[in-house]
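This document opens with one chain alone, in structure tokens, the form predicted alone.
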Amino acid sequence: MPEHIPSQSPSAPGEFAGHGEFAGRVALVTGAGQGIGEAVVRALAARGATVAATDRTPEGVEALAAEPGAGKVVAYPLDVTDAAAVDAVVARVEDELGPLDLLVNVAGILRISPATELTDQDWADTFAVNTTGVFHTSRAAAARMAERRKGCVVTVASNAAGIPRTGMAAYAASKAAAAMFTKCLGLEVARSGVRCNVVAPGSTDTPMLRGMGEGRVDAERSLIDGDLASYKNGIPLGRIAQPEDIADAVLFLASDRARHITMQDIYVDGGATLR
């Protein structure tokens, strides 16, 4: 997998002081312990937001919150598959940090297997996190946002939600379901002033992607060039995304610059799906 290239933006590690686009706003980010979720937390905090960083394994978010200058990041352990735990954490965040203005659903897992060999457990686990987890968090947050007649939900799905992928049936199906749920939610709460959108990344330099490479030295080249045997297009822009690329799209949709955008799906994949 490609070596990580540090961002030069205010969302780079250790740089939490920003220009304040989200000053006074409270955000909750799931799957914040690493990868895209961590990048979203950094980007929001750099721009003035108070961020509840949640993850099933607390070590990553606790380390993030403990970094010098990260006073606006607060760690909350959370398993998004547990509806009662989600409701409790959302209530606690609002009690401790203030009313939620923004929810970013990033938590996700990937189980690689041909569809005919998928186990019941792999299928259930994938949907429990990638789809039901989005349902739990979005239901809890959007209900409160709708009462206040303001707020924003952004779900990080995948470009696999819009194009078939070999070996990724459970992941692709779960992300497609999460994306459509988010859009349906957006339709229902639009008149309450709440916007709901989807960001669909392609190949991004995260621990999840590196795990797919299984140590292959040609993994990066294969992703960029594509793989005819697996019916996979390459990446026209010729690079694998960094987590900050995805975070930038999330922040745009969460910002006032996107105030008239809802129920949309933005693909951030370097053109890989040719959309």
Ligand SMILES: NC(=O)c1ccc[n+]([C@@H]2O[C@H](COP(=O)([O-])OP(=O)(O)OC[C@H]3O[C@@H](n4cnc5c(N)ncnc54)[C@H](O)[C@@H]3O)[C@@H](O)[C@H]2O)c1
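All values derive from a computational prediction rather than experimental measurement. Numbering starts at 1 and follows the sequence shown.
Just so it is clear, the following notes concern the form predicted in complex with this ligand, a form of the same protein that is not shown.
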This ligand isn't shown here, but in the model of the complex, which of 189 to 197, 156 to 164, 141 to 149, 114 to 122 has heavy atoms within 4.5 Å of it? 156 to 164
Tell me, out of A179, V93, A172, V129, which residue has a non-hydrogen atom within 4.5 angstroms of this ligand in the model of the complex. V129
Taking the shortest heavy atom distance, is D79 within 4.5 Å of this ligand in the model of the complex? yes
Quick one: does V26 come within 4.5 Å of this ligand in the model of the complex, counting heavy atoms only? no
How about T57: is it within 4.5 Å of this ligand in the model of the complex, going by heavy atoms? yes
Closest heavy atom of L103 to this ligand in the model of the complex, within 4.5 Å or not? no
Can you tell me which bits of 100 to 130 touch this ligand in the model of the complex, meaning any heavy atom within 4.5 Å? V106, A107, G108, I109, V129
